[in-house]
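The form predicted alone is given below as one chain in structure tokens.
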């Protein structure tokens, strides 16, 4: 081992149908240029050919090598081994399959559910008939291109879904990646199925809890949570809304009214306007049973200089 190399201990959470889950350790010498995909390649070729993992491009484009590295959803090819050693001040690096997905073999997970969600949003452009027949041409304006470009960068790696609690808790939520891809076409002026896309995306967009995990783990800085916020803004254009979307719209309106009136969000008032009296009474009983009812009666003072706040809000 050269002076510039360092030995690391790689703990891999392995899985097989016969053995189930188990941990296995390997030692590898790395330098400052060694990616985690290279670490895995060396282990497989030099120490243990039975190890299974996915990798292809080695340059953060294909999205194949998604996994948990020291508990964080990451692309192995975009992660340098010594960067992890430095970050955690330890030469021990753990590798696990992504959360949410069922492991097939070691670090390889079943992505069928992920792809099903992605294809539900119809991830392709549906242009005008004349364009398909070669009788017309559609060009994208620079301002439209700027709006779409960031969301074009999704590589279908699944890391955002792996880190998303809403996907686990709500089967009706399509997931961050699907929304990033769906909004990319919803906002494309060349697309011809706007109404159909809205019906697919709106209900799901209101099921996001804004935990920002997708924002934190995306290797391409796509910001899926931003596309969900932008999609919600289209709710007013949909005639037949689901109950979830209706409540979401009421919640936004209640927040806006509260800020215009007092300069702050009055939680109790907003809740009442959002969910109505009956639902609020039910939750009031729950709050009372858990000793939280006192917070509903906190007296709040109006913010000074309300004229400035209303001016910011466009009034």
Partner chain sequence: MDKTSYDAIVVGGGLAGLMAAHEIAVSGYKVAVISKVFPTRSHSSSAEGGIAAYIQGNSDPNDDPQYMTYDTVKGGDYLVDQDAAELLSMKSGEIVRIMESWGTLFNRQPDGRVAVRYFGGQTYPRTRFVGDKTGMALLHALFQRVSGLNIDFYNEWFALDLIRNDKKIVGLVAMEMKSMEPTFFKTKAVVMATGGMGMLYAHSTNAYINTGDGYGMALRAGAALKDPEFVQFHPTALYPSDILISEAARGEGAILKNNKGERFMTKYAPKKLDLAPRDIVSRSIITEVKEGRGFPGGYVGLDLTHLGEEYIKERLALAYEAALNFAGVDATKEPIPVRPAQHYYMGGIDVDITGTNYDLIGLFAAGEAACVSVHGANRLGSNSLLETLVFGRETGKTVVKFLSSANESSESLDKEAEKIVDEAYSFTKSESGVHFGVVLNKLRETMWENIGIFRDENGMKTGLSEIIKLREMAKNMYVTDKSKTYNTEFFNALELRNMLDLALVIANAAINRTESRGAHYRTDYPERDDKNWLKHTIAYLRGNTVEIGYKPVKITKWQPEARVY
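Positions refer to the first chain, counted from 1. Just so it is clear, the model here is predicted, and its values are computed rather than measured.
Below: the form predicted together with the partner chain, not depicted.
Looking at the partner-bound form in the predicted complex, is residue 30 within 4.5 Å of the partner chain by any heavy atom?
Close contact is absent here: in the predicted complex, residue 30 is far from the partner chain, nothing within 4.5 Å, heavy atoms only.
Is the gap between residue 111 and the partner chain in the predicted complex 4.5 Å or less for some heavy atom pair?
Output for residue 111 is yes: heavy atoms within 4.5 Å of the partner chain.
Please tell me whether any heavy atom belonging to residue 105 falls inside 4.5 Å of a heavy atom of the partner chain, as the geometry stands in the predicted complex.
Yes, residue 105 lies within 4.5 Å of the partner chain in the predicted complex.
May I ask you to state whether residue 149 is within 4.5 Å of the partner chain in the predicted complex, using heavy atom distances?
Yes, residue 149 lies within 4.5 Å of the partner chain in the predicted complex.
Which residues from 28 to 45 come close to the partner chain in the predicted complex, meaning a heavy atom within 4.5 Å?
Result: 31, 32, 33, 35, 37, 38, 41, 44, 45.
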